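Given next, in structure tokens, is a single chain: the form predicted alone.
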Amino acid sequence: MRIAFVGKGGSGKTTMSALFSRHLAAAGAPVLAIDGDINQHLAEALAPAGDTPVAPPPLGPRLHDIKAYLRGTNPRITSTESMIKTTPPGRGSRLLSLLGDDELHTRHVSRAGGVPLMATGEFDDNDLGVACYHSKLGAVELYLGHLIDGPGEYAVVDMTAGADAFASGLFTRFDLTFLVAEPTRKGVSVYRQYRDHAREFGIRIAVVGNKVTCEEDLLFLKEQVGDDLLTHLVHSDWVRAAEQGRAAPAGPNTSDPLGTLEPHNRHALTVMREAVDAHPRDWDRLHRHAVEFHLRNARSWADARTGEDLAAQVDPEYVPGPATLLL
């Protein structure tokens, strides 16, 4: 399952991405966390206090190599240069299994707090004035487009803040999007924007309230987002200690990294996982959106830039899903 975390800057979406990833890993689930935010803080959020996280080699600078690898022997892609971030897989493309023993995972995955991690990389001085961050996110879009993940496997992506998450078709690549919202007017403003785009494309969203301190906070969220409010987290001394680099008290089960997280907040993470698992993957929808956004990009700019009709990259006989890994 693919899960995105979005929200206003400062809402706590990176913290929530890390908590949810650690919750899954502690339960023994195969999970890969992906830092797709322009502010690359997920490794730090995943690492326990006192640990120095080792950031993985970033995906963004190796986008050309990633394209060449995923292109495989797909005859519809005439060259690596003609492959864009929305190019969908077809027969001959190199497909990926989650955390598989392949070149891409071997090169670009490290571990932070016991959780496998990928990262797009920072927006650096060489990018100023010549590129946008979504050029780096193209690597994540291609990765998810070629990923054949199965039930009980999780790819958790910390997305860019605010409505900027809509600037590419990446927002359609997920089974469920968690929108993290503080109980303020600004906190729920991104929700309204995301809700409208999500409904247009049939994207499942669920609001997770964060930093809730009283009944009035919870009532405000219920009034603003209605039935889309899935659960909420209360103010957490455990999280604050982690953010300040202080070790949280050890629980009775030392193998559980979240052992002393507040019971209400642990329950909220369980509710979130149940929501993710409640609906099976709709492979046809994922592939239909991938093709739609590829054709949009082709018509808008990519045909002119590459000098090709990139609609020809769409393989009408490609059937997405786990069976493709057996071909």
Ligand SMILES: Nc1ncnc2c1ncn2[C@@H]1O[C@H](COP(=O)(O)OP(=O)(O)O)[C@@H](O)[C@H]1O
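Quick caveat: nothing in here was measured; it's all calculated off a predicted structure. So that there is no doubt, residue numbering starts at 1 and follows the sequence shown.
The same protein has a further form, the form predicted in complex with the ligand, not shown here; the description that follows concerns it.
The ligand is not shown here, and in the predicted complex it never comes within 4.5 Å of any heavy atom of H197. Contact annotation for L221: none of its heavy atoms lies within 4.5 Å of the ligand in the predicted complex. Heavy atoms of L144 never reach within 4.5 Å of the ligand in the predicted complex, leaving it off the interface.
Proximity of K211 to the ligand in the predicted complex falls within the 4.5 Å heavy atom cutoff. Heavy atoms within 4.5 Å of the ligand in the predicted complex are found in exactly one of 146-154, 82-90, 228-236, 169-177, that being 228-236.
Contacts of stretch 257-291 with the ligand in the predicted complex, defined by any heavy atom lying within 4.5 Å, are made by none of its residues.
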